[in-house]
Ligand code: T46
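Shown below, as structure tokens, is a lone chain in the form predicted on its own; questions about how it binds or moves come after it.
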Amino acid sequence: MQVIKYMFQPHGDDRGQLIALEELKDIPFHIKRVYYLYDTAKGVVRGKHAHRNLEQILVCIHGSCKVRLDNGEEKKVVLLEKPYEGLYVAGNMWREMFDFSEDAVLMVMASQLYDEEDYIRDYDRFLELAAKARR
């Protein structure tokens, strides 16, 4: 499984840092939705689903968290702890976000508007679909 991390270009001076993100330039898709998670309680695991088609870039803009990616054959854990680093998550990839620092803010940019039909929330069903896609 290939893990794709984007390193965004910080622009800064003695006033501080700024990151500007543009669709189809810094982000490999049109951005249709942005949301963020914060105040995640200790021990909570977020995500626990896959999407059929949705693409996402995850950026921990404050604090840190881990992301477990699973393509149905292989699992990898990725640490997000830099506000200039983004993790690309393709469709048909199970994801779980966990081990959030107390101050973590995880921003997600998505290629589609919210669509419940795009979600795969049952892990066994995800494994079936992933195996079918590999054939």
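All residue numbers are counted from 1 along the displayed sequence. Note that the structure is a prediction, hence the values are computed from the model and not measured.
Although it is not shown, the form predicted together with the ligand is what the next lines describe.
- Taken together, the three residues Lys75, Leu80 and Phe98 lack any non-hydrogen atom within 4.5 angstroms of the ligand in the predicted bound form.
- Site annotation in the predicted bound form: the residue of Ala104, Leu54, Leu87, Leu69 reaching within 4.5 Å of the ligand with a heavy atom is Leu54.
- Taking the partner from elsewhere, Arg46 is found to have a heavy atom lying within 4.5 Å of the ligand in the predicted bound form.
- Taking non-hydrogen atoms only, Arg125 never approaches the ligand to within 4.5 angstroms in the predicted bound form.
- At a distance threshold of 4.5 angstroms between non-hydrogen atoms, Leu37 is in contact with the ligand in the predicted bound form.
- The shortest heavy atom separation between Arg33 and the ligand in the predicted bound form is within 4.5 Å.
- In the predicted bound form, the ligand lies within 4.5 angstroms of at least one heavy atom of each of the following residues of 118-132: Tyr119, Arg121, in sequence order.
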